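Starting off, we have a lone chain in the form predicted on its own, written out as structure tokens.
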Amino acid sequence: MAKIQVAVLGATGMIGQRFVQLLEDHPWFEIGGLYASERSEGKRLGDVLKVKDVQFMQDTLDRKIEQLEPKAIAKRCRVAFSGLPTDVAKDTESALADAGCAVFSNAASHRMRPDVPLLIPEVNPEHLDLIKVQSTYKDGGFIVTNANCSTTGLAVPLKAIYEAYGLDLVCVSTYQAVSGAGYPGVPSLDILGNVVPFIKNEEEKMEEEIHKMLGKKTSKGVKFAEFDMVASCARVPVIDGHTESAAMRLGKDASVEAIVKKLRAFKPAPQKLELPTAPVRPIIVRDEADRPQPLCDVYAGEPARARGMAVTVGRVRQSGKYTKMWVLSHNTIRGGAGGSVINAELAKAKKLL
């Protein structure tokens, strides 16, 4: 069976290059073109490489960057994976969808539109059906978004807890890697030996997006989940991996043992469908007192294609009426390019591509 031709948008950026990493030798998708602004047109991918922890194939490194022209891309590729900056993404992604492309976006531009899925297949696979009400696009075009990188890591274990026990309140503090700021990240004199307690719009995104993802799909969109959500976000001197400390007040009482059992047993749609980039265990619970840690756990997930796609949870404990836990996820894989790739895999599995 012929593979689906896909475009990578923003191929000179970190998320774009994570897309390339995950799409090399993918069983269902084949890279049909790498795209960026006219400044990068004609350059080899190897000449603009920013992801340092991957050994790309030589043929991939030799691929030339092309200028981003939506109509030309749509003629060549059925799917577009977007790692574009938010200010560029909105109009470009709409133009691609209007030209017949299925757009899987890492950008924030369309996330909160009522007719656009804000999708994590382990959390809300039924929301993918929202593309059927995207009446503005034609010829099979649509847009699907994945969540903010810090929201994604938290949303997966929250889903397992929410569907079992409900939620009244979630308070989260995040310790976010510098790669989340894009390349080259944060200036060294601002971050080394330091904690920066502000990331523009991050807290607002977390507090809003989680309610859409855990909400119920309706014929008109999504009825948002109703629980209180409070986020505090900081940048820390870590390369990859967002670590989060969550305190939750559940809708009904549950022991630590029961919660851990639910987290470990969580087997949502991607695992049942055996999607190529889905980790065998979407949530890994560590029993050690000092885990998870980015150094040890950021690449959690198996098989090899799913490295970095699992969410690691640790220190599940109770304090009075609150349940507390630590969560770690890879921000540019699970919370970035990998999130869009597994969204596209779900769409293919549901025969939407």
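All residue numbers refer to positions in the sequence shown, first residue = 1. Computed from a prediction, not measured in an experiment: that's the story for all the values here.
Keep in mind that the form predicted in complex with a small molecule is not shown, yet the notes after this line are about it.
Undergrad: Is G338 near the small molecule? Define near as a heavy atom within 4.5 Å, in the model of the complex.
TA: Answer no; every heavy atom of G338 is more than 4.5 Å from the small molecule in the model of the complex.
Undergrad: According to a 4.5 angstroms non-hydrogen atom cut-off, is A306 in contact with the small molecule in the model of the complex?
TA: A306: no contact with the small molecule in the model of the complex.
Undergrad: Does L68 reach the small molecule in the model of the complex, with heavy atoms at most 4.5 Å apart?
TA: The answer is yes: L68 has a heavy atom within 4.5 Å of the small molecule.
Undergrad: Given that the small molecule is not shown alongside this chain, does N331 nevertheless sit within 4.5 Å of it in the model of the complex, heavy atom to heavy atom?
TA: Yes, contact at 4.5 Å.
Undergrad: Could you work out which of C233, A102, L154, L84 is the residue within 4.5 angstroms of the small molecule in the model of the complex, going by heavy atoms?
TA: Among C233, A102, L154, L84, a heavy atom within 4.5 Å of the small molecule in the model of the complex occurs only for L84.
Undergrad: Would you kindly say which of A36, I284, M325, L45 lies with a heavy atom within 4.5 Å of the small molecule in the model of the complex?
TA: Of A36, I284, M325, L45, the residue with a heavy atom within 4.5 Å of the small molecule in the model of the complex is A36.
Undergrad: Tell me, please, which stretch of 255 to 263, 135 to 143, 206 to 214, 179 to 187 lies within 4.5 angstroms of the small molecule in the model of the complex when heavy atoms are compared?
TA: Every other range fails; the passing one is 179 to 187.
Undergrad: Each of S245, M248 and G314 within 4.5 Å of the small molecule in the model of the complex, by any heavy atom, yes or no?
TA: Answer is no for this spot.
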